[in-house]
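Only one chain is given next, in structure tokens, and it is the form predicted on its own.
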Amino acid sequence: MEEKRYRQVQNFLKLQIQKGYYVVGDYLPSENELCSSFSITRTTARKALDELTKEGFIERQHGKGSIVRERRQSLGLLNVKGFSEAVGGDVKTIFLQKPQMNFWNPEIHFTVSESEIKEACIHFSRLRCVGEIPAMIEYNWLSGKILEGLIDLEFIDGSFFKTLSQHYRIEITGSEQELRAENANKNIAVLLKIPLGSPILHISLKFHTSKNNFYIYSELYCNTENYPIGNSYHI
């Protein structure tokens, strides 16, 4: 019974975070407040918060409490550094193709499973700019069976990952990734506004999620001349 109670509290708080009632930087109720609100013991409250910490939703700060953290910081993914920390509000995202039903692209680097191939996929692509300067092109594919209604949905704060979390209750849990140095073809050169054949970084990603057997495949093409690679990418 006690274990069931801590799971209930854990799941309740997780849902509050996913819905945006608690955002990054907010403090959750204290252990004493949770004990009072849920009629639970301090041990149960602490266990619920410990589990949220393990999942990466919060960080326990001694003497202060439990603060909601940016979960993507711990995923070990790759990005064009400058989008989150250096340029802040100057980031501009342009849809090259809004989400639509499509076919799985043979250019996806990671192997798409037979069960996924049997289902139609959703594809969308975007151009990421710093001010007016294009810095990265992203192409994304995912199973169309899982995210019902995505085609007609506006991304929450322009973030696909935030939409996954708050609207579908699906979290990104990790990734497989491969990097390759390439020369820009005509299409990439035009979009990134660089000379044909310029060196670019091609990043292939297979995102793992909290939904069983649901993956997101991404191909990124980055102009790293002004924006070197950092350690946290998010769509």
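Numbers for residues come from their place in the sequence shown, where the first is 1. Just so it is clear, the model here is predicted, and its values are computed rather than measured. Definition used throughout: the rigid core is the maximal C-alpha set that superposes within 1.5 Å between two forms.
If you look for the form predicted in complex with the DNA, you will not find it shown, but the lines that follow are about it.
A heavy atom within 4.5 Å of the DNA in the predicted bound form is found for exactly one of R42, R169, K193, R180: R42. For the candidate set R69, R60, K206, H202, a heavy atom within 4.5 Å of the DNA in the predicted bound form is found for exactly one residue, namely R60. Interface membership of E33, defined by any non-hydrogen atom within 4.5 Å of the DNA in the predicted bound form, is confirmed. Although the partner is absent here, G65 sits close enough that one of its heavy atoms falls within 4.5 Å of the DNA in the predicted bound form.
Applying a 4.5 Å heavy atom cutoff to the DNA in the predicted bound form picks out no residue from 124 to 160. Once you line up the core between the shown form and the other one, the Cα of K64 ends up 2 Å or more from where it was.
The rigid-core alignment places the CA of K186 less than 2 Å apart between the shown form and the other one.
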